[in-house]
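Shown here is one chain on its own, the form predicted alone, set out as structure tokens.
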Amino acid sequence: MSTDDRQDQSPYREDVQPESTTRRSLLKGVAGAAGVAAMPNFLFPALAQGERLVPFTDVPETFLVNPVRPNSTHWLDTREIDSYFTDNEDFYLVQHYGQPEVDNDSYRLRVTGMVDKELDLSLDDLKQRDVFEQQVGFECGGNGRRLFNGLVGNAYWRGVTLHRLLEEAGIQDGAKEIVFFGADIQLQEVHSRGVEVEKAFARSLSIEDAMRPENMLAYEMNGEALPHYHGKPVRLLVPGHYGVANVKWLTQIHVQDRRYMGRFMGRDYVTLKKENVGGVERWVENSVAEMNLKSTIVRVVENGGNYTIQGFALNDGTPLESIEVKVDDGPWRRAQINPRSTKYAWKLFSFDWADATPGEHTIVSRVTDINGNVQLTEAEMPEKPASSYWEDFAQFPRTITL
């Protein structure tokens, strides 16, 4: 399946996502065990008696999600988020080269290239190292308003830190990049000349980026062994980066002295936008990497005539100053941010819409970080080709009728 086919699958279809009551119950227990406060406005729980979702008027009645299946993209219906940690079976999925079956017992992870000591590790070898755990939420680089920001998820991950593994191998002088290869492999046409070669999905990081202490190799997700579709048995996690960086079915870490120019670094997941370069307006291409500052409203809840606006924010981990909500042409007003959200988890927010009035309304959120960076409006976004959907992080007005 081509990337274009993968990203442009229509959300307006009749496929229905199966429910998993047992797993949802388990994950809500995991959320409690991880220290997340039981605060209804922040945890997006299942609706209580007397509560109802107020439908957005910008969402077609035919909007549904794809079920999880091979070679398919799965997104969340963000109106129905009902737990702090996303159910393993509902966490978004984007597949590139299929889903390889990797046997846990025979699994090997190799660290090769410009290192003092190459490593060849089994899954048990990894599990015998010091355990590292953290909350990490992220979205696809192609997430945006066309899917109502449904290519997203937040989970509790367990594994080992990447930097200690690299320190054990010893990075040699002159090394510039580290390439992470997955076991998902496919014939790929290169140079648009009809030449096909076998390529693995791969992404790279600079040495500096790879050595960040929060980067990890995860083998558990929300208290369970890493599920098949999410990269069993081991995947890379680069907190603060778009999901494409989190290579699944990880089998090789290669240190080299040159830039890696594979498809998903140099040609795909590349944002083309107009920038001012030394006083000259130029079209610039950048690999999708760190997540941009973004918030979005995902639901409005009514209970006894009282209305609450809820949503989430994501970014590269920079602490936030505020999340604000605006109704129609009114002022920006501060929302409450879940105080238990950690650096790289999504930040859930809630705004009590105390002065809601009957009629049609437009509501929008914006997030500001501690450096004074404010989420851009659509008009402020860098100019991009109309067909480009990478890095859609503009403010997203929603429409609703009370």
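One rule holds for the numbers: they count along the sequence shown, beginning at 1. Given the structure is predicted, the values throughout are model-derived calculations rather than measurements.
There is another form of the same protein, the form predicted in complex with a small molecule; it is not shown, and what comes next is about it.
A.B. asks: Quick check for you: of 207-215, 303-311, 274-282, 132-140, which stretch puts a non-hydrogen atom within 4.5 Å of the small molecule in the model of the complex?
C.D. replies: Of the options, only 132-140 has residues within 4.5 Å of the partner.
A.B. asks: Thinking of 91, 94 and 235 as one candidate spot, does the small molecule come within 4.5 Å of a heavy atom in every one of them in the model of the complex?
C.D. replies: The answer is yes; 91, 94 and 235 each reach the small molecule.
A.B. asks: Is residue 75 close enough to the small molecule in the model of the complex to count, meaning some heavy atom within 4.5 Å?
C.D. replies: Residue 75: no, not in contact with the small molecule in the model of the complex.
A.B. asks: Would you check, heavy atoms only and a 4.5 Å threshold, whether residue 294 touches the small molecule in the model of the complex?
C.D. replies: No - in the model of the complex, heavy atoms of residue 294 and the small molecule never come within 4.5 Å of each other.
A.B. asks: Mark residue 159 yes when one of its heavy atoms lies within 4.5 Å of a heavy atom of the small molecule in the model of the complex, and no otherwise.
C.D. replies: Output for residue 159 is no: heavy atoms all beyond 4.5 Å of the small molecule.
A.B. asks: Is there a heavy atom of residue 229 lying 4.5 Å or less from a heavy atom of the small molecule in the model of the complex?
C.D. replies: Yes, residue 229 is a contact residue.
A.B. asks: Quick one: from 85, 269, 219, 148, grab the residue that has a heavy atom within 4.5 Å of the small molecule in the model of the complex.
C.D. replies: Selected residue: 269.
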